[in-house]
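Just the one chain here, the form predicted alone, laid out as structure tokens.
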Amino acid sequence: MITSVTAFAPATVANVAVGFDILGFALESVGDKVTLEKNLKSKEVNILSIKGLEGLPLDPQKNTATIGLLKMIADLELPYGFNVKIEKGIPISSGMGGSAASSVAAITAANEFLEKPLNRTELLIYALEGEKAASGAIHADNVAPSLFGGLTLIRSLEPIDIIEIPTPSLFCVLVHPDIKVETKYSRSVLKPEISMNKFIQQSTHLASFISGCFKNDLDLIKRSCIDFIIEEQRAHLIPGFYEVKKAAMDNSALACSISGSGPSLFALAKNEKEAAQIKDEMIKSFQNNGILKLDSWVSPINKNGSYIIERIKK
């Protein structure tokens, strides 16, 4: 009998400039870990510890890692509960899918205890519960790539329809300035309506970006991965945004924009050497704009998504 499972779920870049709320991809180099211990004495969920970040709620009804677990226990009528240990590797309010990763890691671990494990589409339903609590809206552009891996397109959530998009062998640069941008606030600054002209521009670029991924056409990806709608509305939340973006593009980046709701910025690079140069220049530009404390990563796109690190059997 399995008594304990530890799972890892990767950080993600959501929106990917052209696909607000419908596109996202997973990273390899950073993410969250969640350990579940089966509790045969109770159907309750108890959070035993949280490492890596301070101030996160220990109440399982309020923590994004455990909200989905509560629904899973109720829906599947499980005769047991879980004791939970959370290890955060993703900064809070960073635009890197931290709430999604915790939820995905917990649900991925819980699936190992089931007599009839759920498929990834079924797991997504429970992982979305944590994301809904964190952002106040149901969107899967962080949850889906963290769970499925790779670049995902969310065609529909009712019913769930996730399309996995092939990607060239690109590297992602992710730079996180040490400022907080709450997801709910970042969504609140967006206008409820857009012009027909911008709708057409964005639709064209979304379609051609996806076409570039299927065709392995890096030049088409570069011409297409440009946001006409969301970026300009959120740029003011990130000091020096346009200077940092210019630094990336001047150093051969294929694209650069806001990761999720920010304040992290992502850039796409053709290879690891160019990615390292882009990262250095982005950091310098942030520092020139008064942001001295930063975290940064260079990572290929993670094709696998969440996975099990350890199983302990009795």
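Note that this is a predicted model, so its numbers are computed, not measured. Note that residue numbering follows the sequence shown and begins at 1.
One more form of this protein should be noted, the form predicted together with a small molecule, which is absent from this view; the next part is about it.
J.: Could you tell me which stretch in 168-176, 217-225, 149-157, 183-191 has residues with non-hydrogen atoms within 4.5 Å of the small molecule in the model of the complex?
T.: Stretch 183-191 is the one.
J.: Would Ala14 sit within 4.5 Å of the small molecule in the model of the complex, counting heavy atoms only?
T.: So Ala14 counts as contacting the small molecule.
J.: Though only this chain appears here, would Ser261 touch the small molecule in the model of the complex if you measure heavy atom gaps against 4.5 Å?
T.: Although the small molecule is absent here, Ser261 would touch it in the model of the complex, with heavy atoms inside 4.5 Å.
J.: Does the small molecule get within 4.5 angstroms of any non-hydrogen atom of Phe20 in the model of the complex?
T.: Yes - in the model of the complex, heavy atoms of Phe20 and the small molecule come within 4.5 Å of each other.
J.: Contact between Lys85 and the small molecule in the model of the complex at 4.5 Å, heavy atoms?
T.: Taking the distances in the model of the complex, the answer for Lys85 is no, it never comes within 4.5 Å of the small molecule.
J.: Which one, Lys132, His205, Arg234, Arg120, lies within 4.5 Å of the small molecule in the model of the complex by heavy atoms?
T.: Filtering the options by heavy-atom distance leaves Arg234.
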